[in-house]
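Given as structure tokens, the chain that follows is alone and in the form predicted alone.
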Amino acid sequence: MKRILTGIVLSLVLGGVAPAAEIVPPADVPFDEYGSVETSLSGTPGDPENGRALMNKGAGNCVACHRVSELEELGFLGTIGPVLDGAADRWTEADLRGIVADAKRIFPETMMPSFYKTGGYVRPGDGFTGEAAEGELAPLLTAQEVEDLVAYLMTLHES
């Protein structure tokens, strides 16, 4: 019995179980001098299908401001942000990760929210109370949702 348990423990220690993915906290995102982020925020590859879904729901809701021809079935698509058709041809994966995480770092005058940021805001509101928020805010998207959006955006090539 002792040999069996020792064998199980050794197999687990020697690679039977994958290590947990390292999630980069919002305050520790390694932006380069141009605002790009080379490394994954979640340590897990993005899911383009979930990224596509995030384009039209929840905290993502990218189509409120951006147009994506592939998503025409959604009806109204935004016109105040750049068209995202061909995003994978215009930006690198690292560029897109940086833009989604904190667009204001690259484009200071943009209206685009910083989706993976928790502090440094001028005056965020506390819900609908009219009062300033207290403490650190949660990011709009999780690290994995940022990776999913980036994975989807990397599928958008010029036709």
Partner chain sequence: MKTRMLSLAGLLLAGPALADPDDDTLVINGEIEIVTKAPAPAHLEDVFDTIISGWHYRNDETQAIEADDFENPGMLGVEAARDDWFEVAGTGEESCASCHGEPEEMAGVRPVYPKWNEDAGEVRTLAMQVNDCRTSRMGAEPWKYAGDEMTDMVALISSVSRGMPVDVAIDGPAQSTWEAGRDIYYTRYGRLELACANCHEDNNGSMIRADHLSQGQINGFPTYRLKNAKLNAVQSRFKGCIRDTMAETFEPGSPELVALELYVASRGNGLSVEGPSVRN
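Positions refer to the first chain, counted from 1. Small disclaimer: the values here were computed from a predicted structure and weren't measured.
The form predicted in complex with its partner chain is left out here; the points below concern that form.
- Taking the partner from elsewhere, Pro30 is found to have every heavy atom lying beyond 4.5 Å of its partner chain in the predicted complex.
- Taking non-hydrogen atoms only, Val24 never approaches its partner chain to within 4.5 angstroms in the predicted complex.
- Taking the partner from elsewhere, Ser114 is found to have a heavy atom lying within 4.5 Å of its partner chain in the predicted complex.
- The closest non-hydrogen atom of Glu49 lies beyond 4.5 Å of its partner chain in the predicted complex.
- Annotation for 125-158: interface residues with its partner chain in the predicted complex are Gly125, Gly127, Phe128, Thr129, Gly130, Glu131, Ala132, Leu137, Ala138, Leu140 [heavy atom within 4.5 Å].
- Annotation for the pair Gly130/Asn61: C-alpha atoms approach each other in the predicted complex, by 3 Å or more compared with this form.
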